[in-house]
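Just the one chain here, laid out as structure tokens, in the form predicted alone.
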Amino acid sequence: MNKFLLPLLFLLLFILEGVFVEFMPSKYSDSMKLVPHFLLVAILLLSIFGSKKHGIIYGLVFGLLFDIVYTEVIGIYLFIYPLASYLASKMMRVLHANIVIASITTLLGVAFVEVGVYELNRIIHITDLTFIDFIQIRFIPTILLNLAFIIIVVYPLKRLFEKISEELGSD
């Protein structure tokens, strides 16, 4: 049962991101763009509290799936999700993995992905947004949304990933 729990959880979060965007009120779409990174938050928390190896693998799989479904360029999320997962797990080797530090690290991972995707899109001329506009319109609202999500889910996911990690045998 537990070997199907992680893929189902991540698939549910992947779908929830799309549903959240669809039901976002349109009056906010011009002044700010809220980008949910619920799946990324869960993958980063898996890397921190569970298994680094599983975090990177799920980052690869769902990064590719995210690229196929939501983006025009294949490879951006495929590259950046596992990299963020790897960096988060490396940070936890230096820092103490409590809920507060893990939440901050996860939020930094979301910020890393947002800025990384923006910069890659700017380099290949997919976006013409200036960095200041990006910060005001997309980055700050996205960070606040994902911070709220992290605060809600960090403790239940910590317990779940620690339990699953013990059962599966961590690296």
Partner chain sequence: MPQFFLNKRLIVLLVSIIILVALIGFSLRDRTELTWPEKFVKDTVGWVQFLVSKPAHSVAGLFQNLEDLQNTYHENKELKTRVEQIVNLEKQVQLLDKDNKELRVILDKKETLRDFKPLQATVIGRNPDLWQEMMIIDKGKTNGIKKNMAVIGSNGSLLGKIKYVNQFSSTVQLLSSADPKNQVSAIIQGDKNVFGLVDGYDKEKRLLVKRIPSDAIIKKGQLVITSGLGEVFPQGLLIGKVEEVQSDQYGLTQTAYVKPGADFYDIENVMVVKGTMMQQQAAANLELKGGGQ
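Numbering follows the first chain given and starts at 1. This one's a predicted model, so the numbers in the text were calculated from it and none came from an experiment.
The same protein has a further form, the form predicted together with its partner chain, not shown here; the description that follows concerns it.
Colleague: In the model of the complex, is there a heavy atom of its partner chain that lies within 4.5 Å of any heavy atom of Phe134, even though the partner is absent here?
Modeller: Phe134: yes, in contact with its partner chain in the model of the complex.
Colleague: Using 4.5 Å between non-hydrogen atoms, is Phe66 touching its partner chain in the model of the complex?
Modeller: Taking the distances in the model of the complex, the answer for Phe66 is yes, it comes within 4.5 Å of its partner chain.
Colleague: Determine whether any heavy atom of Leu129 comes within 4.5 Å of a heavy atom of its partner chain in the model of the complex, and answer yes or no.
Modeller: Contact check for Leu129: yes, within 4.5 Å of its partner chain in the model of the complex.
Colleague: Do Phe112 and its partner chain come within 4.5 Å of each other in the model of the complex, heavy atoms counted?
Modeller: Because no heavy atom of Phe112 falls inside 4.5 Å of its partner chain in the model of the complex, the answer is no.
Colleague: Under a 4.5 angstroms heavy atom criterion, identify the one residue in Val153, Val21, Leu9, Leu147 near its partner chain in the model of the complex.
Modeller: Contact check passes for Val21.
Colleague: Thinking of Lys33, Tyr70 and Leu78 as the candidate spot, does its partner chain come within 4.5 Å of a heavy atom on all of them in the model of the complex?
Modeller: All three within 4.5 Å in the model of the complex.
Colleague: Can you tell me which residues in 145-163 come within 4.5 angstroms of its partner chain in the model of the complex, by heavy atoms?
Modeller: Counting only heavy atoms within 4.5 Å of its partner chain in the model of the complex, no residue of 145-163 makes contact.
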